[in-house]
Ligand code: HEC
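Quick heads-up: it's one chain on its own, the form predicted on its own, in structure tokens.
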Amino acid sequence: MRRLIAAASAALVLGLAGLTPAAFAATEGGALPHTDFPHVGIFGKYDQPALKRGLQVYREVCAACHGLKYIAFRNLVALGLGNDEAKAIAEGYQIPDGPNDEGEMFERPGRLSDHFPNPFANEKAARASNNGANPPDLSLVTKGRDGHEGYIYAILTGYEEPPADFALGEGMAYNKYFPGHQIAMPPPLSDGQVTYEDGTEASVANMAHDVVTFMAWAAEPELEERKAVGLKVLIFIGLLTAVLYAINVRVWSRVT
């Protein structure tokens, strides 16, 4: 209960101040760019169309290097997908399973109960394919970085040509928001890289915003429910305080 009240109080302060956690964060490259995410703030809710577009960006771009191990395919129903659509997405993945009757491991099409798999068999395979870096799982990435959504968005949109006097390591990319400005991940997004079904322009900024929204949902699918409970708790505490105050005044008013 104490954690819930503290979280709700912090959200209330940020919401009333019109600020997001990203507004307080900075990297070695300077302050993060201002980005609005509708789900941030005490009354914030996830942008459902952005969540669906973000899922598309994840599947078509990010899933080549990053897993999503804490999200099961059945969870996608919360994004507005039907069971058949979620099942079709699951069946597009090959999931390791076994052993079979012969004692051998095998792969099978995914099921709704399966989680998004890691694209690499192990960490060494991941590092060998990514210039020595191990691509992080994206399930909780927005919670594990200072600046949260704002920081991830900044990294995705912060690629540019390095200054003339900057010594860029072999196989590295320059990113003005990444600590040290050298990152092993090449620019993952480019304009027109995906084709959105709803006709939204697939610019780098839009794709970054959508996929970060999706990653925020992956890290906290119950966010809207938590906020609703937190608001009810704050209202209850406010009413209880008023009642106790009124009782206190009434009791002590009789003392002369």
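A residue's number is simply how far along the shown sequence it sits, counting from 1. Computed from a predicted structure; not experimentally measured.
Omitted from view is the form predicted in complex with this ligand, to which the following refers.
Asker: Using the partner position in the predicted bound form, report whether Gly92 sits within 4.5 Å of this ligand, counting heavy atoms only.
Answerer: Gly92: no contact with this ligand in the predicted bound form.
Asker: Is there any non-hydrogen atom of Gly158 lying within 4.5 Å of this ligand in the predicted bound form?
Answerer: No, Gly158 sits far enough from this ligand in the predicted bound form that none of its heavy atoms falls within 4.5 Å.
Asker: So, Phe73 and this ligand: in the predicted bound form, are they within 4.5 Å at any heavy atom pair?
Answerer: Phe73: no, not in contact with this ligand in the predicted bound form.
Asker: Pro136: heavy atom within 4.5 Å of this ligand in the predicted bound form?
Answerer: Although this ligand is absent here, Pro136 would touch it in the predicted bound form, with heavy atoms inside 4.5 Å.
Asker: Between His66, Lys227, Arg53, His39, only one gets a heavy atom within 4.5 angstroms of this ligand in the predicted bound form; which residue is that?
Answerer: The option sitting close enough to the partner is His66.
Asker: Name the residue from Ala219, Val61, Leu223, Ala205 that puts a heavy atom within 4.5 Å of this ligand in the predicted bound form.
Answerer: When this ligand is considered in the predicted bound form, the option within 4.5 Å is Val61.
Asker: Pick the stretch from 82 to 90, 147 to 155, 110 to 118, 96 to 104 whose residues have a heavy atom within 4.5 Å of this ligand in the predicted bound form.
Answerer: Flagged stretch: 147 to 155.
Asker: Which residues from 185 to 223 come close to this ligand in the predicted bound form, meaning a heavy atom within 4.5 Å?
Answerer: Result: Met185, Pro186, Pro188, Leu189, Val211, Met215.
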